[in-house]
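Listed next as structure tokens is one chain, alone, in the form predicted alone.
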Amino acid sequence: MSTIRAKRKPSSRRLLPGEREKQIVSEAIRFFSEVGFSGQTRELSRRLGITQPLLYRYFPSKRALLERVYREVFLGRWDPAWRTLLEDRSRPLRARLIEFYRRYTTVVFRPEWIRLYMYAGLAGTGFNRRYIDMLEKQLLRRICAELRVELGLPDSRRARISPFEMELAWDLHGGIFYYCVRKFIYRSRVHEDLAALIEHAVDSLLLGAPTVLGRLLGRKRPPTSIRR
């Protein structure tokens, strides 16, 4: 996954502690997204133009630095408004899902985000599991719950969201996410109209949801169609 980039000439200007910390984190994001989490802090320090002891003055261990990268890239870019948007029942679910994924992809569809995510999984850092847990609890379960409401099915507070329902939400989310993988990891050709791709993915879920969810929840007849 490594890429070749020009070495930047370190700045000789003396930085305030807050500025230096931001510089280290910013360069660490670039560095680990290029070489993976096996990258050495010695090389990172060289890129920054500082000594390794100085780097450890700000981050006492490599693990502490990686944790800060995780918080900056994955938690710092998480928007609580996403859940609010998904819960806004004054709008059709289709419109909510399309707008949510348009917002979400502006954050996730960046080379450093997806490369760090993939490297984290390969390195077994646990970052992916933590992010997926948050994604499922905050967003995917909400999508499942809103699907039930839209179709007039049992409320998720009375009937637990099943693993199969979660897989339906993952089918939607994973398909859109894999577009990002193909573009930034495999560097394969992808359809450039991402907005249209999101609409098609959402429609595929919603068109099949009445039949599939009706069967999963034991309905003899498929529930009503979803508003458009």
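Note that residue numbering follows the sequence shown and begins at 1. For clarity, every value in this text was computed on a predicted model and none was experimentally measured.
Another form, the form predicted in complex with a further copy of the same chain, is not on view; read the next lines as being about it.
Handout entry: Contact test in the predicted complex: D203 vs a further copy of the same chain, heavy atoms, 4.5 Å
Key = Result yes; D203 sits at the interface with a further copy of the same chain in the predicted complex.
Problem - 4.5 Å heavy atom contact, Y117 and a further copy of the same chain in the predicted complex - result: Yes - in the predicted complex, heavy atoms of Y117 and a further copy of the same chain come within 4.5 Å of each other.
Problem - Heavy atom of L122 within 4.5 Å of a further copy of the same chain in the predicted complex - result: So L122 counts as contacting a further copy of the same chain.
Handout entry: Contact test in the predicted complex: I161 vs a further copy of the same chain, heavy atoms, 4.5 Å
Key = No, no contact at 4.5 Å.
Problem - Complete contact of L168, F177 and R189 with a further copy of the same chain in the predicted complex (any heavy atom, 4.5 Å) - result: Result yes, every residue of the spot touches a further copy of the same chain.
Problem - in the predicted complex, segment of 81-89, 68-76, 148-156, 126-134 with a heavy atom within 4.5 Å of a further copy of the same chain - result: Going by heavy atoms within 4.5 Å, the stretch is 126-134.
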